[in-house]
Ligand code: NAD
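The data below hold one chain only, encoded as structure tokens and taken in the form predicted alone.
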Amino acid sequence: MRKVGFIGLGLMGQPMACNLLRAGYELTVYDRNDHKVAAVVKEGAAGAKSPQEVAEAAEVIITMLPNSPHVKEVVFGANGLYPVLRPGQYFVDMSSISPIAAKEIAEKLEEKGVHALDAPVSGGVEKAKAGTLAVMVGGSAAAFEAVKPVLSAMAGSIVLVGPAGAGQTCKLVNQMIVGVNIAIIAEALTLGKKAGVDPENIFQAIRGGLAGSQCLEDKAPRMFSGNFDPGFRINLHAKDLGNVLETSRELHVAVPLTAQVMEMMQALLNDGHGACDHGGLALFYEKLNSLSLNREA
């Protein structure tokens, strides 16, 4: 399969689409913003005027959109994919949405003979550009094997975790762990600095031990420099935690740590930090304790 459609050319979607072009795929792209389409067309893609045009041109259709309502609109809304989808096509949603919505979409598409996979990603903009994202996939093994070469153009790790909706569940678990991890990094380093120890020295001392993590490696240096240009924005992480809380209520699972991080993010959104990298959780502690981890502060 060489004909791929890509819908959603935001911070993550654009570099992912460009990696498909570099891998030699015949790519048709769509986004509500014409200038985003134009940027990828300039790299060699064909531009579409609607999701339906993408579906008509592609064997594999990929969506990379903000949340469940956006995916449903692209699939079932006006000029959406559904009326023109053909049996044997593949629909791969790489957005981060509710597992409940992912299952509903998959069931409706399978009725039409379309193979549906939910395949959310982790790694942020840097790994999207590098083509080394981690992809967690829900759906059938046969569909997974069929589209794996396409996913490999964008990812360094691709794992089938279960049936429809399982990929989104895995992504929610990922976002819970990442959110709590970043929060405790900021909290702990703030304590260290308040106690009179240079937090950068603490970072060097603990990074090789059990407290070491990818979050520590990626986010602590941002906290020290005060650079919160988005790799993954707070408002998007808060959206993901909203899906966690919705799912936890459906399943009657208590998630108190995640709920607390969500409250921190709500405070940051209220203060206008929604577009900051989620490492900006440090700003919550800065306001709470009147102490910044920024070495220049």
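In this text, all values refer to a predicted model and were calculated from it rather than measured experimentally. From 1 onward, residues are counted along the sequence shown.
Missing here is the form predicted in complex with the ligand; even so, the following discussion is about that form.
Comment: 73 to 81 is the region of 73 to 81, 194 to 202, 178 to 186, 105 to 113 lying near the ligand in the predicted complex, near meaning a non-hydrogen atom within 4.5 Å. For the chain shown alone, Phe232 is a contact residue for the ligand in the predicted complex, at least one non-hydrogen atom being within 4.5 angstroms.
Within 4.5 Å of some heavy atom of the ligand in the predicted complex lies at least one heavy atom of Gly124. Among residues of the shown chain, Ser95 is one whose heavy atoms approach the ligand to within 4.5 Å in the predicted complex. For the chain shown alone, Arg32 is a contact residue for the ligand in the predicted complex, at least one non-hydrogen atom being within 4.5 angstroms. Among Leu65, Ala45, Val54, Met265, the residue placing a heavy atom within 4.5 Å of the ligand in the predicted complex is Leu65.
For the options Leu27, Leu236, Val244, Val40, the residue carrying a heavy atom within 4.5 angstroms of the ligand in the predicted complex is Leu236. Taking the ligand as positioned in the predicted complex, the residues of 1 to 26 that bring a heavy atom within 4.5 Å of it are, in sequence order, Ile7, Gly8, Leu9, Gly10, Leu11, Met12, Gly13.
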